[in-house]
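Single chain ahead, by itself, as structure tokens, in the form predicted on its own.
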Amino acid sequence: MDIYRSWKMFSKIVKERNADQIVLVTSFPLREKLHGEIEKIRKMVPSDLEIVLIPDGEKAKEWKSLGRILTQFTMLYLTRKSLVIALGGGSVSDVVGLACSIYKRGMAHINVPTTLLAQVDASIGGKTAINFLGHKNQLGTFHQPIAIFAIAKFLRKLNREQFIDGLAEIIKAGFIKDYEIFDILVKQKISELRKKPVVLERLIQKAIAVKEHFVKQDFKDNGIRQALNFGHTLGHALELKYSLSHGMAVLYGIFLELQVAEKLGFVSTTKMIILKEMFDLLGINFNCHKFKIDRKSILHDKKSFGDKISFPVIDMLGEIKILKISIKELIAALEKCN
């Protein structure tokens, strides 16, 4: 799986695939917002381009949305030789990847992530999923795209919240593997970061390198890849319950998980100071006390098994350990934090 930062190789890769049909799946709002880019894609493919539209955001990751995609695939008579292009944020790549993995037992797709979050995290690594019964990413598969086109131009259209969502995953990458990310971030103003493409590109490349480092070692997420879930165990428990954006939920999750780690015997003072610097940098007024995490949400976490859970903790900046602890122990540590 290759990640490209321009359209240069797009036509070549699509033509080499020799697909019998090509379908683009995107969200209703993006069809209008990215009309010019969609027309560019249409000109770069060797055949007619069918378009399938789904909702945006977390609504894209509902059972109904997955059904809509599969229905359209069936009505268009797609085959295992067809090619699907997923154009959108992380939710779009998640649900389209899942649809492609189960339609006729597997069909090729290309991810074209349009948000910073999707470019540094969601579109990479082959994880696909939808939410189910109020729980995050409960139904999914592992299905790699044949290529990812993370075009820098898309990032110019993001609002502040979308930009912070992506930075949350970049900050996570700094904690678990590459602490030099913090050295870059503390010198920047978020309002100016998008005006510094060289600096932003460096951050993106670093975050992608961290993601690939863990994915290559453990594609099926049975061991060390779970490091990428730092901030997500507790973050996911808050995301759907409180309708938080993914990035904000991860930031809250990192804050809480550092506190829990301290209760488990891992000193977190230095890490908390750095995280506070990141909050100030992002202009976030942080208040975790208004949130409560349900035990049931943790029981439904993908990393739980029996009465235990895999819980990533930061040992030193850039170094992470995966603890196997009881859910009871995790809840007790969390209650002490509250």
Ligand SMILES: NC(=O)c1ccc[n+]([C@@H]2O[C@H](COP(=O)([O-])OP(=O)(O)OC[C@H]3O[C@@H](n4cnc5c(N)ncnc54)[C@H](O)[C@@H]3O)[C@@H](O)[C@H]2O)c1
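Predicted model only: the values in this text are computed from it and were never measured. We number the residues from 1 along the sequence you see.
Note that the form predicted in complex with this ligand isn't included here; everything after this is about it.
Engineer: In the predicted complex, which of the listed residues (A118, L234, A99, A173) lies with a heavy atom within 4.5 Å of this ligand?
Structural biologist: It is A118 that has a heavy atom within 4.5 Å of the partner.
Engineer: Answer with one of A122, A207, A86, A249: the residue that has a non-hydrogen atom within 4.5 Å of this ligand in the predicted complex.
Structural biologist: Looking at A122, A207, A86, A249 one by one, just A122 meets the 4.5 Å heavy-atom criterion.
Engineer: Work out which of the listed stretches, 44-52, 276-284, 27-35, 299-307, brings a heavy atom within 4.5 angstroms of this ligand in the predicted complex.
Structural biologist: That would be stretch 27-35.
Engineer: Is L139 a contact residue for this ligand in the predicted complex, using a 4.5 Å heavy atom cut-off?
Structural biologist: The answer is no: L139 has no heavy atom within 4.5 Å of this ligand.
Engineer: Does the 4.5 Å heavy atom contact test between Q144 and this ligand in the predicted complex come out positive?
Structural biologist: Q144 lies outside the contact set for this ligand.
Engineer: Verify the contact flag for K157: yes if a non-hydrogen atom of it lies within 4.5 Å of a non-hydrogen atom of this ligand in the predicted complex, no if not.
Structural biologist: Contact with this ligand, yes.
Engineer: So in the predicted complex, does G253 come within 4.5 Å of this ligand, heavy atom to heavy atom?
Structural biologist: The answer is no: G253 has no heavy atom within 4.5 Å of this ligand.
Engineer: Select from 205-226 the residues with a non-hydrogen atom within 4.5 Å of this ligand in the predicted complex and write them out in sequence order.
Structural biologist: Residue within 4.5 Å: K211, and no other.
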